[in-house]
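We give structure tokens for two forms of one protein chain below, kept apart as structure 1 and structure 2.
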Structure 1
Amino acid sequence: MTVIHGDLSRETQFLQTVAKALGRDKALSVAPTRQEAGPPAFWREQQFENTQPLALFKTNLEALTGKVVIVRDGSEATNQIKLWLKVLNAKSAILWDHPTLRKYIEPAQLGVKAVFWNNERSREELIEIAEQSDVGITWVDYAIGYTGTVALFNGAATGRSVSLLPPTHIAVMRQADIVPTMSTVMRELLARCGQGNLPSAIDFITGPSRTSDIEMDLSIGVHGPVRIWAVVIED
């Protein structure tokens, strides 16, 4: 209890100090009016043609050493992933237990040991498996054309480790979920989740893990995946 009291009085003192520095007697409690928020107006209002987001996404992710393959349906998507796993000489994969991913992808057809991220296994076991897996496969809620980004909503059956620990990350998405800019994602994310009801972590991933810390020499895969490859389902 003392800790909580201590924190509360520290909080009051802290906010009071800030208010005083701003020339107020006590902290502002009514919302201040805002002149501008978010990106510039011209950016929010720009129009894109239907096929533009996908084309942009492909160009931008490929510029970052990613691969983007467009397929017609789930069975083509499964085949594409199977092919890539072969190319990589992969033995194991860990997959999000995401209902939409399951709808499209047939794990038994992949030709490797496939484990789903769900509560059938313990945290320790799953993290260990993800760490040992050759490939992690996720379902993308939104992709952003302008930057070649995938946005992942992490939750119970959609663990962060799957897109993080294996050396290759394969991201699967529907073409319809590729939007032109981050503005759409931000808007829909808030609407979809309602305030205070966000997933515990959202990751925007743009290309592989990289660093230029050694003599400004670009190097791939220092902590996260070395490869990020995307399968886009037209459907």
Structure 2
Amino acid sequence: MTVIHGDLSRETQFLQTVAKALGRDKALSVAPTRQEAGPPAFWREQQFENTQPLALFKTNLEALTGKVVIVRDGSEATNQIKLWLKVLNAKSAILWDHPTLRKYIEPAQLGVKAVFWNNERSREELIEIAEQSDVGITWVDYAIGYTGTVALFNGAATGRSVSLLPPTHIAVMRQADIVPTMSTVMRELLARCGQGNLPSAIDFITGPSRTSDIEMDLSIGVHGPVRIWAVVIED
């Protein structure tokens, strides 16, 4: 009983501290009635210039050691990826078999062995290829300016292993698909939900893999790629 009384005392003290910080005389005994749900109105009503999402995305991803290069079309995007593969001394790459990625990127011009993630191989074989590939190349459905995040929609031809297993992840996107905030992506997903058009999984990736769970010692690339580089196509 002594332990319970001690816990209640600490809980009461904690709630009183929170109430004081909120300008209240004492902690509330019943939950307050909310006037709105989700993000506050001032956040939803923010206005952005056309170029702001791209500028924010570039600044925030590069702050996390990422790279962002802006090109005019698919030809320049292919050349940029080829240059990065040469810098990395890469010998192989695995790509999503995504129709828009195929539209912009010419795998035969990359100068490395390129394999598509699709149903022409078994899942086990594709995972093994992804493990051994130097680079994984994906198409980005949405990128988020405020956090430098890429949102990848997974499916049969867009496997998660492509962005997870190789040491370098190259993400390709259109400038038009870079949005300011996460809430924009969520609204799009809600619309898709009503149409029965959701992907099997969605990855939100912000910078390279990092962890500090052991002695607060920051380690990069333990649970995923060491690098994430982005090609933004203005087209």
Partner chain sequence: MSERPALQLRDRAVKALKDDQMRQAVRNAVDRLSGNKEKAARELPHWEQWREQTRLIRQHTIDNLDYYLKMLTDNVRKAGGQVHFALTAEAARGIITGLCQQYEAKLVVKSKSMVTEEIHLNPALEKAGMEVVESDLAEYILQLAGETPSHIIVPAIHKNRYQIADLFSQVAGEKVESDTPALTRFARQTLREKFMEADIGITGCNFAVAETGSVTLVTNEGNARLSTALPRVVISVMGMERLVPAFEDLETVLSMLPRSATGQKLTSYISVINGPRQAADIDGCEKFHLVIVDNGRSRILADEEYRQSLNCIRCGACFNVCPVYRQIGGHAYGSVYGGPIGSVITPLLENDFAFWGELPYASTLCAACTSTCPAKIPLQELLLKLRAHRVSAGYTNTFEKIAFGLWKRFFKLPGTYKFAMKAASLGQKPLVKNGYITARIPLLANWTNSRYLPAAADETFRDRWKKRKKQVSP
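Quantities reported herein were computed from a predicted structural model and do not represent experimental measurements. Residue numbering: structure 1 sequence, from 1. Note that the rigid core is defined as the largest set of C-alphas that superpose within 1.5 Å between two forms.
One chain, two forms displayed separately, with the form predicted in complex with the partner chain being the first of them, structure 1.
With the core held fixed, the Cα of V18 is displaced between structure 1 and structure 2 by 2 Å or more.
Superposed on the core, the two forms differ at I214: its CA moves 2 Å or more between structure 1 and structure 2.
A C-alpha shift of 2.4 Å is found for A37 between structure 1 and structure 2, based on superposition of the rigid core.
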